[in-house]
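The data below hold one chain only, encoded as structure tokens and taken in the form predicted alone.
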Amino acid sequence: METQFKHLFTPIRIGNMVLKNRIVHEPTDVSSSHSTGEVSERDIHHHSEIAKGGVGMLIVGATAPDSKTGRPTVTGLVADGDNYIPGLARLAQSIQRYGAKAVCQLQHPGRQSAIPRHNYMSSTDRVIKLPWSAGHEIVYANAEETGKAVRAMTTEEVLEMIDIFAEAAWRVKQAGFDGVELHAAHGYLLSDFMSPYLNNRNDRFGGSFENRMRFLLAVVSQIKAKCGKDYPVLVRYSVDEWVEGGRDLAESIEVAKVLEEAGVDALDLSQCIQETPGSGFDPMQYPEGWTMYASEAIKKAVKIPVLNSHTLRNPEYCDQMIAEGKTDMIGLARQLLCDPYWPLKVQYGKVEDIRRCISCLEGCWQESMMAQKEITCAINPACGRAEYDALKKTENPQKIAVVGGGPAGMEAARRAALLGHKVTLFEKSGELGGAILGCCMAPGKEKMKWYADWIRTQIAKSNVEVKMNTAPTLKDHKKFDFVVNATGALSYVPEGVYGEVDRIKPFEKVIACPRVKCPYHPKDRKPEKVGETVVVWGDGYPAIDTATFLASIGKKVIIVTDQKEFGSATEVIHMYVTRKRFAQTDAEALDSKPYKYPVTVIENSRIREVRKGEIVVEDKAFNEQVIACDDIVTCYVRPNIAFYQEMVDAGLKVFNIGDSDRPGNLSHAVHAAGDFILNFDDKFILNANNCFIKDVPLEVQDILSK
């Protein structure tokens, strides 16, 4: 069919493969296989869902060629035995049936292995601290991080690993995959050997450029020998390592030439080693397409196709990059976790309905890989979960009231309406969005507005009746069959602080957006003004966003937290970038204007007394210090459940979700709404925990109905 994005939907050849379009699923470790590394039904569902969405090529990520010496995640795929071939064949077929080419990435994590927890293989002996890696050192609750030791592989082990890679590639081919990709980026084993920064060997596999390339080139050569010269081989590598003494663009151009000469069929360009995680994970602070300089330069040096990724979200931009010759293909990874139907929506011109990834790294990193779990998406609770496919239109529509227009309330209302229920959404203010609206004020978090605008658009297009500036009463709710309470959380001042406590301001008012030209602005919102020196009291995203906003407008910010490490419960890569900004520097590849003042963080402490022009701070050893300040902002939050309790006491059928149940992040709110919809049953059976239960045995239903 006709589409305005004709460059995205132009075929391209990679070796003997012809892709029907230029949209590629970048290799992503979803960590959903069985513990043995065999393909699971969740693997099949996840990848087939993305293939169904219309990508031209889907690269299955992070398949271990040798599980005994290293798996990238605890339940990643494995291809080190012939017994894995049948499962891999089912996986390949589940992708190919929707017209996508299926490629399997082979990845040995080396020093960054999640398992085993010891005897990590590397190019060089060293002790490393990589707290943002899936293979991070395990640090127990009351222990200190000491780093983990990695050992240099012997020359014999390197030679053995060459054949191990090739054997795994042969199995991938036997399974029916259209090609294989080698992961030589991000500091993993092949990348480790290629890196002038990491590789300090003095044998034939270290030192000079030629020696550092020897391992990878030998793997490519052996794969071609075992799989045939016409079997497509792709290589993913980091163009810039963003560390002094690491590889830069100039050397990466030479890498591209050498790989082309070795018979590699396409180049998949990435960034970073794990010592410089900002540029590899590119969280919210990184702009769309910031890596296009890399593919533009390398395309001029080689004739084989070049694939670029990193923060690509908007089809207009992606199509333009291909049109201008800056890349041959567009790589999407997290974007397809967030919306696997991105290609289909682009094809049919439904651009405003694309759920754009906001680069939050919560579901796909912090709460999954870092925590040794399966991958999820913060704003797409259906990611990888087949139970959402089983949802059907209701045959018994219910009248449902949703109280609160934040992310949990909007997601619950949207999904309930999709199922055919009659939904009314009550919002006490003049704007939908709730806790995420502060994103407009924290520089670097503007992408959060992508989600806010998307879900508000979906609500507007739905059959949800929205009542703004309305705080419903118990009487209002008696005409509904059921009520969903999503009233969020409110800031408060912790007990035990003395003096002029009324001087403490709530963070919600300090970071309230004043931009009245925004079409969603309620026009009556007035943010609180603060003085030049401000104490931000608390932790988590409320404190991070408040401190970031105040520092960005030239305030001198002092953070006081009772935690031993500020922001330890929040996403680790964002904190890596944030701490650099607090120190008036920047993460790799970023060039932001430094804050006027560095942000001071006082940990393991609390405010004991508020005086005129100063506060008294007490640490956990009861030592006190006096800090001069103009204003204090509390970022402590607790559930706003007063109205919920009234409804429970009145005997209404009501369910509590999101921050009004337990304050958390955006992922928590959206997934709570999704779980509510999955469990919702028009029989309204609530257990003793006030949770819905469905699919109750018929005999139990009969007992409860009498």
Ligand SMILES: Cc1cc2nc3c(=O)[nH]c(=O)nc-3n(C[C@H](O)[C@H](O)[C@H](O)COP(=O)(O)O)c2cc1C
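Model, not experiment: these values are computed from the prediction. For every residue, the number given is its place in the sequence shown, counted from 1.
From this point on, the text means the form predicted together with the named molecule, which you will not see here.
Colleague: Based on heavy atom distances of 4.5 Å or less, which listed stretch (200-208, 433-441, 582-590, 331-339) is in contact with the named molecule in the predicted complex?
Modeller: The contacting stretch here is 331-339.
Colleague: The named molecule isn't shown here, but in the predicted complex which of Arg111, His310, Lys445, Arg415 has a heavy atom within 4.5 Å of it?
Modeller: It is His310.
Colleague: Select from the listed residues Thr327, Ser195, Ser133, Ser270 the one whose heavy atoms reach within 4.5 Å of the named molecule in the predicted complex.
Modeller: Checked against the cut-off, the match is Ser270.
Colleague: Are Asp29, Gly61 and Arg236 jointly within 4.5 Å of the named molecule in the predicted complex, each by at least one heavy atom?
Modeller: Yes, the whole candidate spot contacts the named molecule.
Colleague: Is Gln105 near the named molecule? Define near as a heavy atom within 4.5 Å, in the predicted complex.
Modeller: Close contact exists here: in the predicted complex, Gln105 approaches the named molecule to within 4.5 Å, heavy atoms only.
Colleague: According to a 4.5 angstroms non-hydrogen atom cut-off, is Gly280 in contact with the named molecule in the predicted complex?
Modeller: It does: once the named molecule is placed as it appears in the predicted complex, Gly280 has a heavy atom within 4.5 Å of it.
Colleague: Tell me, yes or no, whether Ile375 is in contact with the named molecule in the predicted complex, where a contact means a heavy atom of each within 4.5 Å.
Modeller: Yes, contact at 4.5 Å.
Colleague: Looking at the partner-bound form in the predicted complex, is His574 within 4.5 Å of the named molecule by any heavy atom?
Modeller: No, His574 is distant from the partner.
Colleague: Of 603-621, which residues get within 4.5 Å of the named molecule in the predicted complex if you count heavy atoms?
Modeller: If the 4.5 Å heavy-atom criterion is applied to the named molecule in the predicted complex, 603-621 yields nothing.
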